[in-house]
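This document opens with one chain alone, in structure tokens, the form predicted on its own.
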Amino acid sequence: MLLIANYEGRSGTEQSAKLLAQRENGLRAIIEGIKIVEANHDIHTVGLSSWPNMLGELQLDASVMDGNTRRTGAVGALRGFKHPVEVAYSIMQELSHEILVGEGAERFAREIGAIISKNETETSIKGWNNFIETTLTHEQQKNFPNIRLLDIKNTAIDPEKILANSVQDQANEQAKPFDTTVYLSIDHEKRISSATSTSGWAWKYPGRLGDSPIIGAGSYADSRFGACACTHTGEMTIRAGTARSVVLYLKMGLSVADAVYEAARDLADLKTGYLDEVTIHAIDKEGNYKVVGLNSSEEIRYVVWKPGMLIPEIKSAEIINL
């Protein structure tokens, strides 16, 4: 058995590890852990209290994948529900579709009785207000939201500048632009699973989907070979099909480390975009794992649990410069 999660997902890892140790289905085990993260108001890129889009609306994405069947469920641009990862799982269970977005996803969530939640909080709205006040011109603010959003699109590329000012009264840790939450697992039956949840970029263009709900880009699981999930700039891993690529490299016989390195080189060959700090998390069917961060000047951490550990352990990813 094995559990891998990125650092921002750490608040749910003890629950997932407990369920795996109790021989729970691996996909259900990681979903239960991610639900804890979605309800954590201190993590501002997953669920409750996440940073909104340009219009101040909080849109959430999530996905799940069962490596035994390769069935998936994904949801994009979901508003007003507490646990998008649970909605994604229900899509996999209830429909022949693999992904629902926007109003259709919200209708489905209501029909299955998903927990309704106002995910915007005083903190997240304060951050968005600061974005509006510090980024838009006086004329844009006066006419907002009836303005051309394309004129402010570049400010969404680097939210750190806005975040640094938007939460001056909070701890430094809370001011950081956290990543998507990603979990990978191997359960007692050797089923390999993946699950993700995110609100995406702070101040993103309305309707933007990152890699999290795009199976094969942000995550992929195949019990015959392994699994992969990615964090940070999803636009890059969408273009490279990174998660699926890692699993295909495993299928070709590469070690988990070499599979990740090869996928990283694929990313590095992209000619435009923001590659720095993209992080690749991967496992193989034997329980080996590798986590690599790209072009980062800061430490990137992740969480691992294996049988025999009392609690999940925090480790540092390898940083490679491309």
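Bear in mind that the values here come from a model prediction, so they are computed numbers and not experimental data. When you see a residue number, it is the position in the sequence shown, counting from 1.
In what follows, reference is made to the form predicted in complex with ligand ASP, a form of this protein that is not presented.
Listed residues G210, G127, G73, G226 were compared with ligand ASP in the predicted complex; G210 is the one with a heavy atom within 4.5 Å. Scanning D179, E120, D222, E106 against ligand ASP in the predicted complex with a 4.5 Å heavy atom cut-off leaves one residue, D179. Within this chain, Y89 is remote from the site of ligand ASP in the predicted complex, having no heavy atom within 4.5 Å. Though the partner is left out of this view, S194 does not reach within 4.5 Å of ligand ASP in the predicted complex, counting heavy atoms only.
H83 falls outside the set of residues with a heavy atom inside 4.5 Å of ligand ASP in the predicted complex. Remark: W201 counts among the residues lining ligand ASP in the predicted complex, judged by a heavy atom distance of 4.5 Å or less. Contact annotation: ligand ASP lies within 4.5 Å of heavy atoms from the stretch 230-238 in the predicted complex, the single such stretch among 230-238, 243-251, 128-136, 97-105.
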